[in-house]
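Here we start with a single chain on its own, the form predicted alone, put down as structure tokens.
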């Protein structure tokens, strides 16, 4: 008796390959439909601030504004999103117009006299406060670079590249943006988020213009990211000691973020376009699979937000929640792994992630996705945007997954518009 779904004469491997192909095709169509019919229309309808410039991201379920502050990292992310949609999805003038609205606001209001990027502004662009971390600057850089490609604005791209080098220095020496230095007795550590953003920015630049200095930044970030890998558990930890110190004596040293680990896994796969490395390819695929296995909630489904890798109590009170962005990152990562390897072992993860994600996050009534669930999968917040959630993770994952599975191309960064 043949296995379900097998045609007469099919080998088991051929049947598995067909099942995987059907699943990937269905995912591509779902992503295209969700992007074009729900997610992008929501942000175009509710987020564009025609009065003051930039974007309103503090949006409730229906899209009404409940917080009119402008968070710079979300401004940069939305500029990037609309610019990338214009560059790589559909050359619609409304995408370029939306991107310009944010880019002009950022260039006018986003930085102080010393070139530091504000964290939060008033609706009309007056500074509210700084954050002594580089992430607002990271997404400002990425947004301006992508917009420069969309608009044919070479000066904007040069601004972005100059900011890239500022950020590289700020990550190396946080005192430059006002953070106190670590005491001499503290171990020197690498933060996974820092390596992730350095890889991301470097790949955006290298996809358009080769530069040996940027290649070196990418190589160094990859090397440090590898220090985060726990080969026994096959996950990437949030902190890694640069001097070999054992960090597992504290909750910080045992902190595992499944979403970050999966996201860095697919970033590492993208770096292979610039630096082929079979060992790194194998490690990245293992990290994606291991992170899904370690982070999946076997009782209620979905990816847990934060975990203590040894099962001890985490410090973060929200650790048990299910957030939108780890699931979008996982969907793309699994699609990428399946596309690269053709291995049917990814099919159960495609189905498991898809079943949970499509059932819990998209909002067919009002558009876009919910962001925050409790462990049981019930919404804790009905907002569509705020100070962390904006127009980025959902459209990026939908866009990249649809592109990947439609064209067969695996690209790390952007391509200039024709």
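Quick caveat: nothing in here was measured; it's all calculated off a predicted structure. Residue numbers count along the first chain shown, from 1.
There is another form of this protein, the form predicted in complex with a further copy of the same chain, and it is not shown here; the text below is about that form.
**Q** So, 118, 314 and 318: all three within 4.5 Å of a further copy of the same chain in the predicted complex by heavy atoms, or not?
**A** Spot residues vs a further copy of the same chain: full contact, yes.
**Q** From the list 269, 150, 202, 323, which entry has a heavy atom within 4.5 Å of a further copy of the same chain in the predicted complex?
**A** Contact check passes for 323.
**Q** Could you check which residue among 223, 162, 128, 175 gets a heavy atom within 4.5 Å of a further copy of the same chain in the predicted complex?
**A** So the residue touching a further copy of the same chain in the predicted complex, by this definition, is 128.
**Q** Just checking whether residue 386 would be counted as a contact of a further copy of the same chain in the predicted complex - the rule being heavy atoms within 4.5 angstroms.
**A** Close contact exists here: in the predicted complex, residue 386 approaches a further copy of the same chain to within 4.5 Å, heavy atoms only.
**Q** Consider residue 132 of the chain shown here, and say whether it contacts a further copy of the same chain in the predicted complex, taking contact as heavy atoms within 4.5 Å.
**A** Residue 132: yes, in contact with a further copy of the same chain in the predicted complex.
**Q** Can residue 254 be called a contact residue for a further copy of the same chain in the predicted complex at 4.5 Å between heavy atoms?
**A** Yes - in the predicted complex, heavy atoms of residue 254 and a further copy of the same chain come within 4.5 Å of each other.
**Q** If we define contact as a non-hydrogen atom of the residue within 4.5 angstroms of the partner, is residue 358 a contact of a further copy of the same chain in the predicted complex?
**A** No, residue 358 sits far enough from a further copy of the same chain in the predicted complex that none of its heavy atoms falls within 4.5 Å.
**Q** Which of these stretches, 22-30, 347-355, 369-377, 38-46, has heavy atoms within 4.5 Å of a further copy of the same chain in the predicted complex?
**A** Within 4.5 Å of the partner lies stretch 369-377.
**Q** Can you name the residues of 37-73 that have a heavy atom within 4.5 Å of a further copy of the same chain in the predicted complex?
**A** Contacting residues: 60, 64, 65, 66, 67, 69, 71.
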